[in-house]
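Listed next as structure tokens is one chain, alone, in the form predicted on its own.
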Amino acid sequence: MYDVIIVGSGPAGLFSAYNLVKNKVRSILIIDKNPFPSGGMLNDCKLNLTPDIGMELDDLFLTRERALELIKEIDSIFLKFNAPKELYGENAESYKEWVERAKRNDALLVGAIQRHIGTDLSKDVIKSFRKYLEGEGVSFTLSTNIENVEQENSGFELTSDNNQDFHCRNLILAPGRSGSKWLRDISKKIGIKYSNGKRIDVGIRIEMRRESYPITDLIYDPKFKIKTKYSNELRTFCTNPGGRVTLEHYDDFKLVNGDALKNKKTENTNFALLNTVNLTEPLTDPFVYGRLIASATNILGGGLPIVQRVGDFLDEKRSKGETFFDSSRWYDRVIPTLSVGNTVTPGDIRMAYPYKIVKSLKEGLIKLNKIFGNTILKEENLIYGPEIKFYSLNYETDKNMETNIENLFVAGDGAGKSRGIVGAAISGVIASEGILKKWKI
């Protein structure tokens, strides 16, 4: 019988465990379906060191002052485990011109101090984090999928797919964004209260030569918010200077994403442009809507995501394999970091996306192009789809992240309590503090 079991070894899980061992709790087990911790920290590992990105303070029951204290503490722990010391965005004066350019084009540039760890260095940081926790008595059970959770007199019983049973007094469910469907299924079984989020981000990932996006010399991952004439909100997300476009594999479809290494750079930069869709009756399930778009895009790509030259997108033409590197249109100037034909298929994203979303994305590209002086809509640049960010359900919790089921807490992106590494870590700390307060451990 453990004092605490944590399902999920991402930032929410690791930081909740860290706070517990700091307060002398030693009977802790972290379970994860993956063979290596820890969730989104393995992909690029960008830290947004501001309350304005990746979290809603009201959802976390935090004042801005307290959030800043927690962010400082979380950043110091990353440094303790050998995260790079270099920071971006410290000097707001240095990117003031970009703020003004955005304003002139009906956009908002959200300033932030950021730390980039990189996919290549994140594993070492995670290994150091895990080694510390194990030294403090925390156990890890990886490559283990929990299929059932049940309440019992003294707490909870968890059963895995290989018929292992685990017992605990307190339970934190923090499965990450990829585990959001799992958490929904478990919640239905045991009666955790939640409601549909009714919103989803559908967009594209843009890839270009690194020099076409010079703002990243000052802000590693610039966050632009753009309002369209449809009253939709677009935002840039997950910028990777010198990075690469990657694939995310789901059970029945593939999405595009992006990352970057710290010590080895490509000649390209990529970022997502996301359109927030607020669903209304009769379709209010964002999972269903997102899967429909993702599946349609993959079908048109022959089972793969689609890549399209900006020139073809603007001409409302499909990109084709035989002309994809056409030097007469300078298409050979931007070489995609995903293998064309093997991992992505030349095609027409407009065929898979709803008309209103396509129009909004095009308007957002035009505004970004004005901000950057005609470098975004170069014909040779690349557009990938589907890029979809699923919002989790809204789980009802108190200020300590405790659900309607006593001693059961939720945290992180998969529980809808954050949208990124730092926000997830904060929610994990709050959940652990709830356990400490409740049980006076």
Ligand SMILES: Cc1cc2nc3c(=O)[nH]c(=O)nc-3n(C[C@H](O)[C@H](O)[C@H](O)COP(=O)(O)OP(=O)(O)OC[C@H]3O[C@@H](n4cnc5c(N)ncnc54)[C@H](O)[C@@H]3O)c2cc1C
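All residue numbers refer to positions in the sequence shown, first residue = 1. The structure presented is a predicted model; accordingly, all values stated were derived computationally and were not measured.
Below, we refer to the form predicted together with the named molecule, which is not included among the displayed structures.
A.B. asks: Have a look at 28-36, 373-381, 62-70, 396-404 and name the one stretch with heavy atoms inside 4.5 Å of the named molecule in the predicted bound form.
C.D. replies: The contacting stretch here is 28-36.
A.B. asks: Within a 4.5 Å heavy atom cut-off, is Pro51 in contact with the named molecule in the predicted bound form?
C.D. replies: Looking in the predicted bound form, residue contacts with the named molecule do not include Pro51, since no heavy atom lies within 4.5 Å.
A.B. asks: Tell me, yes or no, whether Trp182 is in contact with the named molecule in the predicted bound form, where a contact means a heavy atom of each within 4.5 Å.
C.D. replies: Contact with the named molecule, yes.
A.B. asks: With a 4.5 Å heavy atom cut-off, would you call Ile172 a contact of the named molecule in the predicted bound form?
C.D. replies: Judged by the heavy-atom cut-off of 4.5 Å, Ile172 is well away from the named molecule in the predicted bound form.
A.B. asks: Check Asp348 for me: does it contact the named molecule in the predicted bound form (non-hydrogen atoms, 4.5 angstroms)?
C.D. replies: It does not: once the named molecule is placed as it appears in the predicted bound form, Asp348 has no heavy atom within 4.5 Å of it.
A.B. asks: Counting only heavy atoms and a 4.5 Å cut-off, does the named molecule in the predicted bound form sit next to every one of Cys45, Asn145 and Gly258?
C.D. replies: Yes, the whole trio is in contact, each within 4.5 Å by some heavy atom.
A.B. asks: If you check Ser178, Ser139, Ser295, Thr323 against the named molecule in the predicted bound form, which one has a heavy atom within 4.5 Å?
C.D. replies: Of the listed residues, the single hit is Ser178.
A.B. asks: Note which of Thr246, Thr276, Thr228, Asn196 lies within 4.5 Å of the named molecule in the predicted bound form, where distance is taken over heavy atoms; exactly one does.
C.D. replies: For this set of options, the contacting one is Thr246.
A.B. asks: Since the partner is left out here, which residues of 64-87 would have a heavy atom within 4.5 Å of the named molecule in the predicted bound form?
C.D. replies: Nothing in the stretch sits within 4.5 Å of the partner.
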